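Below you'll find only one chain, the form predicted alone, shown as structure tokens.
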């Protein structure tokens, strides 16, 4: 199962001035593609913090996605910092500089061209109708922080990450988590599934939602059947229908 991490870069996220919209969206998209998200990290616009996170996350996952810091202003430091983190220089990509110049025309300023300065060894990915490429360096995909552009750019290259969808079923229970904990642990250890438990304290009509997921529909169905056998009828409010190989659960609802 391919793995991924998300590195969010920006003082505005840590101060609360801007609410992050990219990590939660990308988490859902990665799941729909069959990629296991392992880390989400937020750092300020400070090279040491960015470099530390890059060194920690880059070798730990198959794909590392960064968000923010690729514009023309003083705090847009992601590209040169990626270069510094891996001991390479920064070079101006001639094709990208030409596109920037054509786009801004008479409004072009030297600061705009900073967006064409990429780490040496970078690969620029073009896909579909994108007017602007995705910067990549090794296994790092350097994306902008503006949510609409972030999403459009990722969607343009999303197919390269597809690895088979997850299947998911939920059990909605009127039970205390402690009373079912041993059953959940056994199911995860013995049926090759991931089991989650999410209590509710509102008027949802159930007390705990248990999720069972895997990349094999048969494993999910077998684990859910076993769990139902361990529970009393009074504990079960409802259970999702069995999943089939033709209909994976790509985007589950919130617990």
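Numbering follows the first chain given and starts at 1. Worth saying up front: this structure is predicted, and the values here are computed from it rather than measured.
If you look for the form predicted together with a further copy of the same chain, you will not find it shown, but the lines that follow are about it.
**Message:** Using a 4.5 Å heavy atom cut-off, which residue among 120, 159, 176, 95 comes into contact with a further copy of the same chain in the predicted bound form?
**Reply:** Comparing distances to a further copy of the same chain in the predicted bound form, the residue within 4.5 Å is 176.
**Prompt:** Heavy atom within 4.5 Å of a further copy of the same chain in the predicted bound form: which of 214, 43, 224, 54?
**Reply:** Comparing distances to a further copy of the same chain in the predicted bound form, the residue within 4.5 Å is 43.
**Message:** in the predicted bound form, does every one of 2, 130 and 138 come within 4.5 Å of a further copy of the same chain, counting any heavy atom?
**Reply:** No, the candidate spot makes no contact with a further copy of the same chain.
**Request:** Examine residue 168 and determine whether its closest non-hydrogen atom to a further copy of the same chain in the predicted bound form is within 4.5 angstroms.
**Result:** Looking in the predicted bound form, residue contacts with a further copy of the same chain include residue 168, since a heavy atom lies within 4.5 Å.
**Asked** Taking heavy atoms and a 4.5 Å cut-off, does residue 85 contact a further copy of the same chain in the predicted bound form?
**Response** Contact check for residue 85: no, nothing within 4.5 Å of a further copy of the same chain in the predicted bound form.
**Asked** Applying a 4.5 Å heavy atom distance criterion, does residue 63 contact a further copy of the same chain in the predicted bound form?
**Response** Heavy-atom contact with a further copy of the same chain at 4.5 Å: absent for residue 63.
**Message:** Using a 4.5 angstroms cut-off on non-hydrogen atoms, would residue 24 count as touching a further copy of the same chain in the predicted bound form?
**Reply:** Yes, contact at 4.5 Å.
**Asked** Is any part of 168-203 within 4.5 angstroms of a further copy of the same chain in the predicted bound form by a non-hydrogen atom, and which residues would that be?
**Response** 168, 176, 177, 178, 179, 181, 182, 184, 185, 188, 195, 196, 197, 198, 199, 201, 202, in sequence order.
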